[in-house]
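One chain comes next, on its own, written as structure tokens: the form predicted alone.
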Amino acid sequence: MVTKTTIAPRDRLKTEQTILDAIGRLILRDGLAGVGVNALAREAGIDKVLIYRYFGDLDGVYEAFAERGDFWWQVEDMLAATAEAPDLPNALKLGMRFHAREMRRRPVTLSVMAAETTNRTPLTIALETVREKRSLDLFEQMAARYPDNRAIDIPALTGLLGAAIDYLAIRSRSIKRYGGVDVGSHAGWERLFKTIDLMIDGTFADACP
């Protein structure tokens, strides 16, 4: 008689999280090229058959890491961080500060973003898909919260400012000054935020209803 091994739900969830945590360590230590089934199984300390059993294949692991891992902020957290803003310009200012803080505390995210333009892999594509989906969700919810009839391309504005923040956060991991600004210090980032505030204010002041 053949018996099947039953895995307790909490044991499975614990093992899945162990595997997802191992991806982050591999990326930081060995780069994107270092993430593979065998390397991941060794890093997680599990039999590689569990990777296939729980995630289907390596692409399934990537998708789970993108969705469930601590790679990118959640829309709900961004909405909470901007909840006290009285209008859209101030919400954008708070949002940029939240985004910068969240990026700077995520070394795995910065490592992936530094490499993704030259190393397009299923992992970077899965992570990019999650970023885009959450951004679109955020735009929709912010538009409902702060209706504004001025002709401003909010996705383009936040894309430019967010990309600048991402780049400087990536640079700050190894190069502390950029254009004379100390991007490795709190004071340096406060200089950046003050300028971002002025840019947002100027954009809304010049926009026509």
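All residue numbers refer to positions in the sequence shown, first residue = 1. Since the structure is predicted, the reported quantities are computational estimates derived from the model, not experimental observations.
What follows is about the form predicted together with a further copy of the same chain, which we do not show.
- Just one listed stretch, out of 140 to 148, 45 to 53, 58 to 66, 174 to 182, contacts a further copy of the same chain in the predicted complex at the 4.5 Å heavy atom level, and that stretch is 174 to 182.
- With the partner removed from view, the residue among 123, 114, 88, 108 that has a non-hydrogen atom within 4.5 Å of a further copy of the same chain in the predicted complex turns out to be 114.
- In the predicted complex, a further copy of the same chain lies farther than 4.5 Å from every heavy atom of residue 27.
- In the predicted complex, at least one heavy atom of residue 196 sits within 4.5 Å of a further copy of the same chain.
- Put simply, residue 157 is close to a further copy of the same chain in the predicted complex: some heavy atom of it is within 4.5 Å.
- Using a 4.5 angstroms limit between non-hydrogen atoms, residue 39 is distant from a further copy of the same chain in the predicted complex.
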